[in-house]
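For reference, the chain that follows is the form predicted on its own, supplied as structure tokens.
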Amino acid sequence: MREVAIVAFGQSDHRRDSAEVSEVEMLMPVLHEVLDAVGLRAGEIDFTCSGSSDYLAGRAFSFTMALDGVGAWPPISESHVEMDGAWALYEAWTRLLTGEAETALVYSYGKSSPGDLREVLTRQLDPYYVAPLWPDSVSLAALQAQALLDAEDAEDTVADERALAAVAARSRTAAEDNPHAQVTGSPPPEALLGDPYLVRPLRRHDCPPVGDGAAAVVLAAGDTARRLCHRPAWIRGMDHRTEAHSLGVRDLTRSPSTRLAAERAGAFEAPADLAELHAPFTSQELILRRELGLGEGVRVNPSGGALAANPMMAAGLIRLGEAAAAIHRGAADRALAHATSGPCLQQNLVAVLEGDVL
């Protein structure tokens, strides 16, 4: 199989509200950062793919405005996915695998601040049986968390409220070293347990911050990747799978789509040094760790993860970018990256990244 790598990654500073800038103004510095890192201009990129949501922007075909910033003239080869940028990266990866392109620019962005995100996300639910009830994303995550706490067959997973608080404390403490994080620092888990519930059993620290942000990566194949980056993050495998649309037919304490995607991506062929998991809620990290077989020796979300910054449509791409950046700087040799979309881990993508031996 043709070798394809992530050779550059950039992201914005994630903020609760970026009303003073448009999506294009938020995105452009990030695009300039990744292109400058590899010494390319937009016109030298063979394929461009983006991820965003018209529901967040409040207008149809909103992604075309971002294309104005990228530069669509002379005509470029371009595509768009109406979901997290991790899936845009998947499309670009397959394009490079086929030999139709040598380089690709992938970007995604989201501004959640203009509206009520919990209300907007109800539009992704089953339109006949679930969406008319208007269950918001936090309430659905709370149902999943409570199911996990009540489960009698939790195997090796420690599922109690203190375990949830420990995930939050570890993630936001790690985020102190991330200059782009929106939320950093945390009291110890015991202190967090004194906070009131937001939606039982979830407290505010168990939930992701709402904010605005953007991210971008550059992909390159073979010798081009080696020329553009001193240590490319080679994508050894990547796969994505989805659960049933109806929440009532799923076991919310498990994520078989994550496990299957990991198997197909080759995640279980060798241990990883690091894992960047797109777990917006603390309970979801416990589920993902079990499905991916991550032991105590694996560093999970050293960037702080989605609990430190969760820009819609970009947080999953950021997980792949953070994992790749760790390989670029020699902080990891083999890393897992995970992205999710939909309620309660409905659709999941897993990628395995490796660096050349130093």
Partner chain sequence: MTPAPSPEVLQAPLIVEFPFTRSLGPVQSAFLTGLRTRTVLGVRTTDGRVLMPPVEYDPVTADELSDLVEVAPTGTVTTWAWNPAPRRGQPLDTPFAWVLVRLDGADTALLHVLDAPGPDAVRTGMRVRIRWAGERVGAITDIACFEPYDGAEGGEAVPHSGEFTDPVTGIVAPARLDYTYAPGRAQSRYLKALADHTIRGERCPSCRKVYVPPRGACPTCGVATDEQVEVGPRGTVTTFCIVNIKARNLDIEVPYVYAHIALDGAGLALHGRVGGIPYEQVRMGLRVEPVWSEDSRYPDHYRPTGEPDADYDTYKELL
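As the structure is a computational prediction, the values presented were derived from the model and not from experiment. Numbering follows the first chain given and starts at 1.
We do not show the form predicted together with the partner chain, though everything after this point is about it.
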Within 4.5 Å of the partner chain in the model of the complex, do we find a heavy atom from each of Trp73, Val120 and Asp136? yes
Just one of 324-332, 287-295, 307-315, 53-61 has heavy atoms within 4.5 Å of the partner chain in the model of the complex; which? 53-61
Does the 4.5 Å heavy atom contact test between Pro114 and the partner chain in the model of the complex come out positive? yes
Would His230 count as touching the partner chain in the model of the complex under a 4.5 Å heavy atom rule? no
Would you check, heavy atoms only and a 4.5 Å threshold, whether Gln146 touches the partner chain in the model of the complex? yes
Test of understanding: in the model of the complex, would Leu260 fall inside 4.5 Å of the partner chain by heavy atoms? no
In the model of the complex, residues of 127-143 near the partner chain [heavy atom within 4.5 Å]: Pro127, Tyr128, Tyr129, Val130, Pro132, Leu133, Trp134, Pro135, Asp136, Ser139, Leu140, Ala142, Leu143
